[in-house]
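Single chain ahead, by itself, as C-alpha cells, in the form predicted on its own.
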Amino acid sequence: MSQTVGIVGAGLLGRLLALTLRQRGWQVSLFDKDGPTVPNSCGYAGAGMLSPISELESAEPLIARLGFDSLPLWRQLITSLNRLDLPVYFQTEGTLIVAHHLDNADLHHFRHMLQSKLRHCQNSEVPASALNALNWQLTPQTLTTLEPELGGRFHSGIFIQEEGQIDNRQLLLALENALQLAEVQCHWHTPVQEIQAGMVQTHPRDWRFDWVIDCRGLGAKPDWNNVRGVRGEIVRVYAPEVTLNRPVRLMHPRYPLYIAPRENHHYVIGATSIESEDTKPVTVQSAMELLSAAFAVHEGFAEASILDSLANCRPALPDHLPQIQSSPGLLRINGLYRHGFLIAPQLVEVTCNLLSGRPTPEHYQALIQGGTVPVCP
C-alpha cells in the first residue's frame, strides 16, 4: 500500500513536492487557502531567475550549490512538462551584468566580490567548473555580440554563462495541470486551522496522513516564530521596441535592477528588497525607480506598455538560508527567501530523501534541523 502525504501550501515548492512524490508512488493531497492560480503566493510575483553565481553577491555558497544542483532538475522537469503538452518558457543563455560609465566602480566591486567568494568556496559548496562559466571583462565587441541592442550604450560588463530563467506564471499553471493529470487531490480554497504530525485540520474535518509537509511560507509564522517577510516588487511590461536575449542586471548605487525577458517582447523588471511585511501595491517611488533604471538600460522601454505591477513578501529566516524542520510524521520547509526558483528542485530532492530514509549528502546536512538523518559517505 502506498504511503500518504498531506502538503499544506500550493506555491512553487508545494506543487513541485506534490508532483514529485506522486510520480514516486505516494498518495498526495495538496491544500491551499487560495485558488489554483495562487495570486497571493510569492512565486506568482517572482521573476524566475536561475542565477547561482550572480546570487553569490548577497547569498551564502550553500545557495549557489543548491542552484547548480537544481539546474539539471529544471531541465528534466521542463522536458516532462513538454511531453504532457504543457510548455513553459525556460532558457539558460547566461546573465549579462552591466553598468554605466560613472558606475563602473560598482561593476568592479561586484566582480572582485564574486572572485573572492568563488576562491574561498569549497568544492562541496560550488563546483570548480563555476569559474569556467565566467567572462569577467567583456570587450565592447563581445558585449554587442551578446546583446546587439546594448552595443554603444555600455562598453564593459560581466557575462556569466549557463545561468537563466523560467517563466514563473507559466510554470505555476503547467504544474497545476500536471497535478490534475497525476490525480493529486487538490483542496483549493481550503484554509488549514492546524498542522500536526500526520494530521491536517480543516473545517469541518481532520485529514490523516503518514506524513504532513508544511510549505506555507509566511503562512507558517504561527508555528515558526522567526520567519519574517521581505518585500519585493516587480513590474511586467510589453516592450516591442526592445529585444534582449537573456537576463540583464544593472549595477547602480541607488537603483540596481534586473530585466528578465519573456517570450514576445514581454519583460519582468525588479530587484527591490525591503525589510517589510507590507503587501500593499507597488509604491510610486519603487515603480519610478524600476522603470527609470530600465529606461537607462534601453530607451525602447519608454514606449513599453505596463501590464501589471505586483508586490509580495518572501519568507526569510535570520540567516537567509532555507531550513527543513524534521520530526516523525511532520516536515516544515521555509526560508527560501529570494531564491525560491533557483533552489526549489534540489530542496524537493532533499525532502524526498528524508521521507524515504535515503542518505542526505553531507553538504546539505545544514539544511535539516531535528531528527536523525543518515549521511552520505
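In this text, residue numbers run from 1 along the sequence as written. The structure presented is a predicted model; accordingly, all values stated were derived computationally and were not measured.
Omitted here: the form predicted in complex with a small molecule. The next part is about that form.
Of the candidate stretches 143 to 151, 113 to 121, 175 to 183, 190 to 198, only 190 to 198 has residues whose heavy atoms lie within 4.5 Å of the small molecule in the predicted complex.
No residue of the trio 6, 227 and 332 has any heavy atom within 4.5 Å of the small molecule in the predicted complex.
Looking at residue 66, you'd find every heavy atom of it more than 4.5 angstroms from the small molecule in the predicted complex. A residue is said to contact a partner when one of its heavy atoms sits within 4.5 Å of a partner heavy atom; residue 233 meets this definition for the small molecule in the predicted complex. The small molecule in the predicted complex is not approached by residue 28, whose heavy atoms all lie more than 4.5 angstroms from it. At a distance threshold of 4.5 angstroms between non-hydrogen atoms, residue 157 is out of contact with the small molecule in the predicted complex. Shown without its partner, this chain lists 209, 301, 267, 258 as candidates; in the predicted complex, only 258 has a non-hydrogen atom within 4.5 angstroms of the small molecule. Put simply, of 38, 324, 53, 350 only one has a heavy atom within 4.5 Å of the small molecule in the predicted complex, and it is 38.
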